[in-house]
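In structure tokens, one chain follows: the form predicted on its own.
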Amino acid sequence: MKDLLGREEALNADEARKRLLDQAVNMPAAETLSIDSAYGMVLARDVIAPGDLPGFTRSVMDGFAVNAADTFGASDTMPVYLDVRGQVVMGQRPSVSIMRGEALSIPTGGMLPNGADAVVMLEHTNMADENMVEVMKALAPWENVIRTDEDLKKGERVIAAGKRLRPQDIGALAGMGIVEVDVFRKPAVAIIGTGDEVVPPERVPAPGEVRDINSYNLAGLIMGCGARPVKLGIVRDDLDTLKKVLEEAVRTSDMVLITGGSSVGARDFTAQAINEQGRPGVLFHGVAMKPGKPLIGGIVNGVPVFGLPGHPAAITVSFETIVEPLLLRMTGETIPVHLPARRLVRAIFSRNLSSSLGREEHIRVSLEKRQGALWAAPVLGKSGLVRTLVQADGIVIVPMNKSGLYEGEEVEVRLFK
């Protein structure tokens, strides 16, 4: 069924995402990087521990290495006395072993000597003389120590493929002596701006012209997904020119985003240009959401191509709602189903606000603290106003079957990255 403008009726957002995610798309290849360059990259292969970590039994406290059995029954009122044989030197294997009734002074991180199976904290000891320590606390075996393979065991899978590497993951790799890893190459996402009225930001616009906002907004959104933006400049409202630039973008990029040219005006050529590039072409033209209804989604020979609306707010909503899930999949990242795809907070809506049934409405909101509670205040304004994005902290979604939100209603806020 077609709408009054001659297009197929708009899909709901879930169906639009499904159509895209059901398609086969070209995935970036893996590459080998130094761990210094792997922060934020997605692991392409499982990391297996090449050896035990830490590799030796070590103390987690400053104190004395002892045999735990020698401390049984020790207390403040009935201490145990042990002979001190010397001290452990950091970074060296202990030169002596201890026998029952003996102890060795040891620093945090020091290697336990043979014969010891626990460390008594310095705070629970007193030096009776220079060669004898008074122990005032009973210990269990292996208390206050990390054993040879307690952190990681040789052959254990430490980090699974599909994980985006965080600082602590890189630290674990370094601790295992792994200095290179196989990661997925960041998808290259081409950005094509369109419009005779759009000029670069360094240029003073003439009457009727506007500076390019969308390319810069999109570049940040793309980088936030772990992908690489490639700006291809601003294309005039000419079908042949757009087709030529789009052909090159499809050939050299993993995804293409075209800003503007998604509505049904006489000078909007995006859908036609996509369909003429390859199969299957346009999968949908129109999504039942506000802002962002004119969104175009398609696949050209395995490369996703989107025609995004021209207004800044519609750009952000369209990207985060429809483009981002597919782009995250193309990075190779596996997000566990029990974790949200983005940061979410609960807040109280600050006013009554109506919404039209039959479309998903994305309300920009700012967050504020009132009397110990978090409140979400709508930032109202047309989707062409960049101010509404700058002032907002996130988005509240009004579902298609709901006619609005009430003051005092608890809502979920999707925070901007």
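In this text, the rigid core denotes the largest set of C-alpha atoms whose superposition between the two forms falls within 1.5 Å. Counting begins at 1, following the sequence as shown. Source: prediction; values computed, not measured.
Not pictured, yet referred to below: the form predicted in complex with a further copy of the same chain.
- 166 is the sole member of 166, 251, 244, 137 with a non-hydrogen atom within 4.5 Å of a further copy of the same chain in the predicted bound form.
- Of the residues given (386, 48, 30, 353), 386 alone sits with a heavy atom within 4.5 Å of a further copy of the same chain in the predicted bound form.
- For the marked spot (145, 159 and 176), a heavy atom within 4.5 Å of a further copy of the same chain in the predicted bound form is present in each of the three residues.
- Of the heavy atoms in residue 83, none are within 4.5 Å of a further copy of the same chain in the predicted bound form.
- In the predicted bound form, a further copy of the same chain stays beyond 4.5 Å of every heavy atom belonging to residue 131.
- Interface residue remark: residue 92 is counted as part of the site for a further copy of the same chain in the predicted bound form, having a heavy atom within 4.5 Å.
- For residue 302, no non-hydrogen atom is located within 4.5 Å of a further copy of the same chain in the predicted bound form, even though that partner is not displayed.
- In short, of 251 to 259, 276 to 284, 181 to 189, 103 to 111 it is 103 to 111 that has heavy atoms within 4.5 Å of a further copy of the same chain in the predicted bound form.
- Residues 369, 374, 382, 384, 385, 386, 387, 389, 390, 392, 393 are the ones in 369 to 393 with at least one heavy atom within 4.5 Å of a further copy of the same chain in the predicted bound form, listed in sequence order.
- Annotation for residue 117: C-alpha shift of 2 angstroms or more between this form and the one not shown, rigid core superposed.
- Superposed on the core, the two forms barely differ at residue 277: its CA moves less than 2 Å between this form and the one not shown.
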